[in-house]
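As a starting point, one isolated chain is supplied in structure tokens, in the form predicted alone.
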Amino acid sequence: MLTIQDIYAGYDKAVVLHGISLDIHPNEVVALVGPNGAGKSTTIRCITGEIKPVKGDIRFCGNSILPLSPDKIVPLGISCSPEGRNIFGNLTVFENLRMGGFLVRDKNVLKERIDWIFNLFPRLKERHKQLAESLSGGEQQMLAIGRALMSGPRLLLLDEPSLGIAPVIVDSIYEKITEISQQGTSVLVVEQNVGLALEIAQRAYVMESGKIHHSGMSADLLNDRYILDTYLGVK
């Protein structure tokens, strides 16, 4: 579905990504994990079109998306819940979801998607009239994911969905990520929490210093000596 081929990218003259390659297949959860500053979020921004790689290619469903701007990439079926959530705090929960569905012209489809998200995250339904800024951190993360789902993506990008959220809420959100995948949406999860991401992903890529250091099936990586020592604290 998505293929990143040997991309180099960064900010101004600072190169952050040094030849990154990865694949995401249909109906699959893939984790991109590693320490802060490894280049994970930069990879996400390359996929969404916010950053243009200086070398390499990114293909979605067989076609290069490198020439496209972010507003042209979303209608193809790629949506992102960004790091920090970036919800509209002065709008209600319902209004935030409507903003996520701005491309949807059919009112019945729009209602179906909102109903699906309310079923996925019942807490959002309970608080649909509240201003988004009044929600807890976990509820705001649910809203950010729900808003990203409103465009009906084939590929959902989640950048640090566990950041700053209580562990019990993180567990609930990760259960929903699995459910989203099972209903037909591929998911790329970017996380510093390596153990958490490996638990739900079928495959994973471990990024360090702008390069892919390890990759493979998550079950294998969970038993890899380097991963255990470096990220999971198992000696």
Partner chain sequence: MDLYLLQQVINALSYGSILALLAIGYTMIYGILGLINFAHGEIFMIGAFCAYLLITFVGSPFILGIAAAVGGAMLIGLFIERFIYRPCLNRNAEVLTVFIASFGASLGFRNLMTMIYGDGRRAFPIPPQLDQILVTESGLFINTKDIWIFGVTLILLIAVSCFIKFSRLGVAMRAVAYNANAARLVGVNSRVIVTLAFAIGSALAGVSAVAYGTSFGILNPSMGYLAGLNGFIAAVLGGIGNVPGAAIAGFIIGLGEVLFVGLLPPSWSAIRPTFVWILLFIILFIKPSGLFRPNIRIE
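Keep in mind that this is a model prediction, so the values were computed, not measured. Positions refer to the first chain, counted from 1.
Omitted here: the form predicted together with the partner chain. The next part is about that form.
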Checklist outcome for this item: Of the candidate stretches 25 to 33, 42 to 50, 56 to 64, 177 to 185, the one with residues having heavy atoms within 4.5 Å of the partner chain in the predicted complex is 42 to 50
Checklist entry - Which one of Leu163, Leu120, Leu91, Leu76 is close to the partner chain in the predicted complex, taking close to mean a heavy atom within 4.5 Å? => result Leu91
Next on the checklist: Given that the partner chain is not shown alongside this chain, does Glu133 nevertheless sit within 4.5 Å of it in the predicted complex, heavy atom to heavy atom?
Outcome noted: yes
Checklist entry - Does at least one non-hydrogen atom of Ile87 fall within 4.5 angstroms of the partner chain in the predicted complex? => result yes
Item to check | Partner contact for Lys111 in the predicted complex: the partner chain, 4.5 angstroms, heavy atom | outcome: no
Checklist entry - Is there a heavy atom of Pro82 lying 4.5 Å or less from a heavy atom of the partner chain in the predicted complex? => result yes
Item to check | Heavy atom within 4.5 Å of the partner chain in the predicted complex - qualifying residues of 97 to 119 | outcome: Arg98, Met99, Gly100, Phe102, Leu103, Arg105
